[in-house]
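Next up: just one chain, as structure tokens, the form predicted on its own.
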Amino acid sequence: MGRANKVVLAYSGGVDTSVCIPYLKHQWGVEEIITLAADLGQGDELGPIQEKALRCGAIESLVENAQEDFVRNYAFPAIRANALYENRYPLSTALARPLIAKLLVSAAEKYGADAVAHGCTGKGNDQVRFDLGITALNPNLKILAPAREWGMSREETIAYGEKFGVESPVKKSSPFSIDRNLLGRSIEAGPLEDPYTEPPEEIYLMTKAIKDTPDEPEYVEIGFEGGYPVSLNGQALDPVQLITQLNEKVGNHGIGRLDMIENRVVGIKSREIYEAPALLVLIDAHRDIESLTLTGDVTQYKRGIEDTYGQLIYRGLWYSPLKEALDAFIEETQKRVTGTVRIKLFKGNAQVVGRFSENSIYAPDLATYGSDDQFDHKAAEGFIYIWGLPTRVWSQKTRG
């Protein structure tokens, strides 16, 4: 069944996306397939992946290095928003999806494709993120999702691919499904599907086991300008360098692991393991410098915005009117969020132990309990009377 003449396919080199190429051709009558692999710091050799796409039948195989775009324009805005899904997950995998959607749409427009495709199944979050991102950026593009419709088991998918020259993968000893990029790793499936099963140490790559971490603490200083992370230990770094170096330092102390049951967009619960060392520490540090530079009411109101922001990212609504409106609010709040946060890394803990900002609104002469105290203690009595007046009236009327 012909659905499109020319398609740009999001390509990872795995079984599903590789089988998508002959499937789109032979089952759905697509004439030309262009693959697009995004380098988001996942550590894979993209040269062999590029060649594999051509062997599987693609007419062109694109590789886009989008690491800086990923960190600067997706991770950093999420850090400024202190975005955590369900107050825990820093959206390390979810943040990659709107960027890949943007790359797909750009390639489709450049090469005159009338559709884009991805290899997502019908149970995951990524299908929602890709479909909504693509639709928001170009509602006229068709979206094809063969793996959501073909109804083949893993074994059947491999067998189908072999019929058309898609080499079967080396037998995997690992039962886990793993996604990696510069911001972190997500691990699921296999024995992890039992929520009571402890994750085996072998699944972790970016973070050390506590028993293997240094016996002395390490201190790091993270510099922020306008809410953006800009330096590490006094050295100005570009976004990719900063994330890369901080991942290594933080992971070396066993910091950055999450084991959680999360609520997927499609309504099912999923047990997920995450490693996101730098991202988690950066959010903690950013929240701390905000506490020094923002007024209490702004900080407290922003917490609700942050929760909504995290939900929007998780649910595929990066390109949405509400997200754009929240970005404007966050941008306004970040003008004074400049300073340095000092963090102690030790045995699985990242503890903020100091902070400094030229824009600090912490007043030592008001906060001190020493002889330099400038706070007018007498004013407190009148304040309490006015502040408590509704409570006093209520109590008199109800308790008599």
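We number the residues from 1 along the sequence you see. Just so it is clear, the structure is predicted and the values come from calculations on it, not from any experiment.
What comes next is about the form predicted together with a small molecule, which does not appear here.
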property	result
is_contact(residue 178, the small molecule) in the predicted bound form, heavy atom dist at most 4.5 Å	yes
4.5 angstroms heavy atom contact with the small molecule in the predicted bound form for residue 126	yes
Any non-hydrogen atom of residue 149 within 4.5 angstroms of the small molecule in the predicted bound form	no
Residue contact check: residue 259 to the small molecule in the predicted bound form, 4.5 Å heavy atom	no
The small molecule in the predicted bound form: contacting segment from 151 to 159, 318 to 326, 187 to 195, 242 to 250, heavy atom within 4.5 Å	187 to 195
Position in contact with the small molecule when the complex is considered in the predicted bound form, options 272, 225, 307, 109, heavy atoms within 4.5 Å	272
Contact assignment for the small molecule in the predicted bound form, among 285, 94, 81, 183, heavy atom within 4.5 Å	94
